[in-house]
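One chain is shown next in structure tokens, namely the form predicted on its own.
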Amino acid sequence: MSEPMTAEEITRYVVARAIWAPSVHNTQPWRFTADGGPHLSLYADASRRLTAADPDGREMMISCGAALFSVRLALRSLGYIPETSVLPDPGQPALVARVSWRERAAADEFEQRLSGHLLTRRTHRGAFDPEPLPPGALAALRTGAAREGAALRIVADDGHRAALAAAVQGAEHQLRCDGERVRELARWTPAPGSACRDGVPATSYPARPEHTEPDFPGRDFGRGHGWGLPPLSVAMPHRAAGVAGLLTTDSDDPVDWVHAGQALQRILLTASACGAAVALHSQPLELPWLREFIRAQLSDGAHPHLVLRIGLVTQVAISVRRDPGDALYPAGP
């Protein structure tokens, strides 16, 4: 019978999984501190915030929320019950959460399934196959978002779906004309073969845009260099956009942003467990006037954080992450 893991070993295990959470432009804007006991602190790393695209830190906090959900799930996979306090200290706005584990309870089958995708889930950047999602998948995704204090609103109406696609199109066009944002994006899109362990590698996005109907354009990560993955097929017809949705919260404070991030990671892992993939669009939510339009016209007054598209696809994307040790620090005095 093996010896039980020490608190230090548990911390390393958890952080090694949490760093694979999604983050805007794969900035990985988090750091963890631990003192060898059964607790862990998660901080937002403001040095990795997108100053042009994310001036208020909303996307940074969503990214940290996704990492927080991964911490909780990794602890559950070990049979621990995480005790979580979100934004526990008003005097430390960068302290996203404190998590401790003292009590034990075996993980259920669904928690084990989700935890099995912590290291393998990848964000999709492109179109989907035309096949429908498995029965019950959307209901599971909506239920999961609600459990984390957010909502996944499916945009099924053709007119609203077209309006949402147009918002993504308009935002992408405007952002490509913004020199400061283009330079910022360039800093987080290393060239093929780079040794960088953060940013969006050329192995994680298509070299040529995959158009859908209606069209939800992705970021121009290659910026005309021809970087990216070749198409799976020589023919490039309009493929499926997938099921479109909005991730929203009722309020729009930092704690809501963290909840949105936890809901996002639960959605992504649940989709992966269902055999589906998710594409994310943040472009229109980075422009205040477009975000307000989406809030007022497409999300019943709730505050939108991300546009999601969900569908089935053969994934070949390869992402990168920093070494866990680069994100884990000893707790200060």
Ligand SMILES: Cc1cc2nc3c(=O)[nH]c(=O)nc-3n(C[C@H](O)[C@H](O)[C@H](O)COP(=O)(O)O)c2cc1C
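Counting begins at 1, following the sequence as shown. Remember, predicted model here, so these are calculated numbers, not experimental data.
The discussion below concerns the form predicted together with the ligand, not included here.
Residues placing heavy atoms within 4.5 Å of the ligand in the predicted complex fall in a single listed stretch, namely 55 to 63, out of 41 to 49, 288 to 296, 55 to 63, 269 to 277. Remark: none of the three candidate residues (160, 248 and 303) comes within 4.5 Å of the ligand in the predicted complex, counting heavy atoms only. Contact annotation: residue 311 falls outside 4.5 Å of the ligand in the predicted complex, judged by heavy atom distances. Although the partner is absent from this view, residue 321 contacts the ligand in the predicted complex, with a non-hydrogen atom inside 4.5 angstroms. Heavy atoms of residue 153 never reach within 4.5 Å of the ligand in the predicted complex, leaving it off the interface. A residue is said to contact a partner when one of its heavy atoms sits within 4.5 Å of a partner heavy atom; residue 123 meets this definition for the ligand in the predicted complex. This chain appears without its partner; in the predicted complex, the one residue of 200, 243, 97, 171 with a heavy atom within 4.5 Å of the ligand is 200. Along 281 to 303, residues 281, 282, 283 each place a heavy atom within 4.5 Å of the ligand in the predicted complex.
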